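This document starts with one chain, in the form predicted on its own, laid out as structure tokens.
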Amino acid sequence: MIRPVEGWFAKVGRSYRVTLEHAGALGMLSWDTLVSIATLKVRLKDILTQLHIMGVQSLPIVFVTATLAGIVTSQQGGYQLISSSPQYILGTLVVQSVVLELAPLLTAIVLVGRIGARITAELGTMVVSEQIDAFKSLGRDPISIIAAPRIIAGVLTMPLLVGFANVIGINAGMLMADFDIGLGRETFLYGARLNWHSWDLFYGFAKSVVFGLFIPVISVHMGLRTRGGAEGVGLQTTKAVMFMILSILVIDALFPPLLLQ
């Protein structure tokens, strides 16, 4: 009877220790990045390169995701409301759903797969091939060269992509409402304006900034902890994707009680 209890406490203790290790390493990485930015060690060229990779090259997949989100929300909302509520309420439903939840959350998840996994695999490969050690031996700071440009680009890019997703998702939902239940543009926009609050836009963009920070920070952190060759890179990338998605969902759940009460 004692052994199972001891094993359970050992597992809890290991999980607690690993959690603290990750939290401490993420804190140190964030601090080192801030120091690199404050001391102007980050090159503008590196930031612009990452902005192009994260922003411009992500536009097609964000366009598809936002379009489908707007279409599905409009279809389901029309099905639920057409017999029980005024049709203009569909405009409120689509706009609120896209701006408050779907645009920031789906864009973040898309970037986890496209950018987060890429950064983790890229840095993991650099670690196992000893490129990071080569930087250190030459007296160059890997944080200012590798981590900081990606983190800065993530924070700057995510709100822009979410704004793009807002426009695409709302217009896709409006077109589908016209096609599906014959709801005109004026009626749709009337419903959208009826319950609109300027705070809603701030709320969505606040989410995007936090997501844009956490995705590159976690992916850089996990990439730099890679061990064990090619197999280790694959394993660490999988762990990083799971870590980022869970973090995004937890943060998303914390936003309503913090900013919508």
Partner chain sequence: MISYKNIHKAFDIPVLTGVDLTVETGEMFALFGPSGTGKSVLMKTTLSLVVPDLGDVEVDGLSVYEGPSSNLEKIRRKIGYVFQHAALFDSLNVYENVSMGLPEDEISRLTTAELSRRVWETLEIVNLEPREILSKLPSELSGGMKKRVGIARAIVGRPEILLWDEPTTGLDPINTAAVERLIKRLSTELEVTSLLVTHDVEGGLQMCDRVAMLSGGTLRFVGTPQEFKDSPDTVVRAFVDRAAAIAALDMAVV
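Positions refer to the first chain, counted from 1. Quick caveat: nothing in here was measured; it's all calculated off a predicted structure.
Although not depicted, the form predicted in complex with its partner chain is the subject of the following passage.
**Report entry** One residue of Ala134, Val72, Val167, Leu175 in contact with its partner chain, assessed in the predicted complex (non-hydrogen atom, 4.5 angstroms)
**Finding:** So the residue touching its partner chain in the predicted complex, by this definition, is Ala134.
Report task. Go through 151 to 159, 98 to 106, 185 to 193, 136 to 144 and give me the stretch that gets within 4.5 Å of its partner chain in the predicted complex, heavy atoms only. Result -> That would be 136 to 144.
Query raised in the report: Do Ser129 and its partner chain share at least one heavy atom pair within 4.5 Å in the predicted complex?
Result: Ser129: contacts its partner chain in the predicted complex.
**Report entry** Members of 43 to 70 lying within 4.5 angstroms of its partner chain, judged by heavy atom, in the predicted complex
**Finding:** Sequence-ordered list is empty.
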